[in-house]
Structure formats: structure tokens, C-alpha cells
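Only one chain is included here, represented as C-alpha cells and corresponding to the form predicted on its own.
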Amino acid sequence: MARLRYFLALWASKAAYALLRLLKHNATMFPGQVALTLCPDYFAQTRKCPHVFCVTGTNGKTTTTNMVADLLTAAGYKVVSNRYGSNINTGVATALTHSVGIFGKPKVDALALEVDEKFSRKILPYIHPDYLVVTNLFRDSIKRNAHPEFIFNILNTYIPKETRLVLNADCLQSSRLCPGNERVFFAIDKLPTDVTACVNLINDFSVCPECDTKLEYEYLRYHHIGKAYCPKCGFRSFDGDYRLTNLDYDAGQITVLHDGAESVYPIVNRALYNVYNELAAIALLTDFGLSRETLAKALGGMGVTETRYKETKAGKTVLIRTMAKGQNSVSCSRTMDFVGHESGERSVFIMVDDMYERKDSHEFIGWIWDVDFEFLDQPDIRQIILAGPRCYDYQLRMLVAGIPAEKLVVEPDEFKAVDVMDKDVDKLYLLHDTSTLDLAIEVEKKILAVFPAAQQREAAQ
């Protein structure tokens, strides 16, 4: 009876996917919802393909998962992945539907699955991944994820004992997960930009977990990411099995040391948080058995998924559309740090309101006071455009961050904001939330249409 129910769920899920695609919908979650409704133990019933890789963590899941899927594909594996960030149980169930044929037999070599850290309790114990990457654990949406220790305890409880973990040694929170499991660590050696005291508004791991003494740092990168030690009891960060020993932005390459041998790889994206994502993928797949040569060759033609980062030209202006995850002050701060330390005369267009909550005007806006908007107080950032229903909240936050009022353009309508902004800049950063991606793409289209014409008129005058 259980198998009959499973096959009914599988066929219904496949039919739902085909219908939604016919109607030109993404169909990333509803087919999985159908499967789980008809067969609550769909995960346990589905036959797994030979290799199952999962990625979780507060930030970097989608980028890392997509990179893993692309690298496996380049190495000749047939892969199914939930590429578009559909990382809760229904999205994972949809991916499982794609991984098997109509009679339930696996038709791919590998699954590369992004798993939401809170939903991991509903997924990991039933699919039993061979490998799990945990990118990091930070403060996230307070309404949804409470605090990092809460998420740590979920993962620590529900990660299967047989799963091999790939952990960030520089993240004091996530590196402590599941000490009884087989674990390998990745890390970035000290960089010239590192400090020894936190410069961010948030540091969620400032005291020793063993004796409550204030931690000290050999070097600190951002928030609690770095190499720490306790001066009292000897607690310290783990060493990396895969260590990035050289980060050369000019040459566009990184050097990774493993088992006494150094390998050079192209940089996929210059943002440091994406360097960590790339290193996580390299560590995972090298440990799995892919050759360094295969990985290096594949990474040379790879970029970060366009839902997270995209560069285009709007006349003479480089338009960079990138995500600054709303309700997630750490992720948003990383984007502000990246933009603030870029070069050239530039403007920043901020539209990170929650698309689902803006309709009823009940979005929690307190999280912006934990974001390091102070990074945008740079002389070569000429203008900051604040658009969307919460633009006046952002205006107040920018003023408190010390940004001059004359640099701020405040406009509730994102499209009207394009008309009134400065169009004579070297770079324009369009920052959006996960939920406002589609809106950001439409704003991007208007910028691409308006900027070249405006620049031509100005040049003719």
C-alpha cells in the first residue's frame, strides 16, 4: 500500500510539473507539495541516486549549490539540483521527483540540493546525504530563525551520523557541528585587510563556548569570521584541511593548499563571501574525488548565478545587479562592505523591501539597524537611491550612519527613482532582496533603456 501511494504521488508530482511548465511557471515547489501531500514519507520512499550532496547555512547556499552542480556536470555527472533557491521540503521533493523515472528508478548520478537550515529537520534525516556543506551560521531573520544557536541546535540534532561534513573553519558557530561525524574544514589564511577587533555592528560569537571568557582573534574578517582563541582555556578555531593561502584579485586566481600540495583556481567572483562559497565547493568536490585539473578548468568558465549577481553595460555605466538579502542583516552588511570598497565613481540603488509583506504594510524594519550601512559613507559613492515603500525608514538609517543628506534620493516608486537619479557614474549597484528579484529585473530594463539615451544627450550638450 505504501509503494502504491508513493507511485501515485510521484506521477501526480510529474504531471503537476508538466502542466505548470506548459503554463510557463517555474514549477519549483508545487510539484513537491503535491508529492508530500499524497505521500508524507515521500523522501524516505524515493530511491536515491548514487551520490547525494547537500548545502546549508545562513548565507551562500544557492551560490554554492549551483557551483557544485555545475562542477559535477562539467566532470561528466548527470545532476539534478534545486537551482533556484527552492530549499524547503517542497522544493527538495520537486528535485527528487526529477531525479527518478516514472517507475521510481534513479535516472541521474547525483543530487546537489540546497537545504534551508530551519527545514533541515524535515529533510536531512530522510534523504541521508553523503556530504553536507555548512557555509556558515549567522544571525538571520529574527522573526523566522530566532538566533544562530537555535539553528545550530536544529542542525546538530538532525544531521545524520553517517553524513560527511564540509565545514567552514573560520566560522566559530558552524564549525562546531556534529563532532562525532567525519568532518573536513576549509579556511582562508590571514589577509592584508583583516583586523583583530570586530568593526561590525553584529558579532554573535564573542565569548568562549567552554568558559565564557571573551575571545581574542589572531585575525578577524567580518562579524565572527576569522581565527579566534580563548586566552583562558585554550579553545580555538579549527585549522583548515583546505586552506586558501593566496587571494590574487589582480591575477584573478586563488591558491588552495591541501595535503601539502598547492593548486591554483580562477576566481569566480571578487566578493569575499563568494570566494568562501567557491572554496567550499572546491573542498567538497576534491574530497569527493574530482581532480584539481577538472575543477580548475570548469571554474574558469563559471560565474555566480544571475539571480545573485549580474553585470551589464548601461551606456558608459557598468550596471551591477546583486542581492542584498532583506531581513538578514549580516548578508546585507556583506553586500554593503563589498560595494563600499569597490572603486570608481558610483551610485547605489537600494530596493530590499520584502515583496510579500509590503502589500499589507507589516514588514519588520528593525533589522536595518543591524546593517553596516556605514560602509557606504565613501567619497566616491556619489548618490544613494532609496526606493520602495520603506524608503523613508532607510533615509533615517542612512542619516544616522553619517551619510550626507544631499547624497540621498528618496522615492517610493522604484521606476520613478530611475528618472530622477544621476546617470553620469562609472558604476551603478542595484541591490535587491530575494523577493524583489523580478521587480529589480524590470527596474534594470528601464535603467538599460534610459541611461544610454541620457548620457548621449549630455555628451551632445
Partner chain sequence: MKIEVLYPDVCCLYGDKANMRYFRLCVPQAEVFDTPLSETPRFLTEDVDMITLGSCTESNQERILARLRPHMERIRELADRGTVFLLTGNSFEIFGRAIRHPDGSESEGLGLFDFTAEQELTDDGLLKRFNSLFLGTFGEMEIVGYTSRFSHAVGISEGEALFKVVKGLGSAPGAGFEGVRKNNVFGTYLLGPFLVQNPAFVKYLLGLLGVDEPKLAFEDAIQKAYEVRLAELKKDIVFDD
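Residue numbers count along the first chain shown, from 1. Keep in mind it's a predicted model, so treat the numbers as computed, not measured.
Note that the form predicted together with its partner chain isn't included here; everything after this is about it.
426, 411, 393, 422: which sits within 4.5 Å of its partner chain in the model of the complex by any heavy atom?
-> For this set of options, the contacting one is 393.
The single option of 302, 108, 355, 154 touching its partner chain in the model of the complex, heavy atom within 4.5 Å = Exactly one listed residue reaches within 4.5 Å, namely 154.
Of the listed stretches (294-302, 114-122, 223-231, 375-383), which one has a non-hydrogen atom within 4.5 Å of its partner chain in the model of the complex?
-> That would be stretch 114-122.
Does its partner chain come within 4.5 Å of a heavy atom in each of 147, 150 and 401 in the model of the complex?
-> Yes: 147, 150 and 401 each sit within 4.5 Å of its partner chain in the model of the complex.
Although its partner chain is absent from this view, report whether residue 77 comes within 4.5 Å of it in the model of the complex, heavy atoms only.
-> Contact check for residue 77: no, nothing within 4.5 Å of its partner chain in the model of the complex.
Look up in the model of the complex whether residue 238 has a non-hydrogen atom within 4.5 angstroms of its partner chain, and give yes or no.
-> Heavy-atom contact with its partner chain at 4.5 Å: absent for residue 238.
Answer with yes or no whether residue 366 is in contact with its partner chain in the model of the complex, where contact means some heavy atom within 4.5 Å.
-> Yes - in the model of the complex, heavy atoms of residue 366 and its partner chain come within 4.5 Å of each other.
4.5 Å heavy atom contact, residue 343 to its partner chain in the model of the complex | It does not: once its partner chain is placed as it appears in the model of the complex, residue 343 has no heavy atom within 4.5 Å of it.
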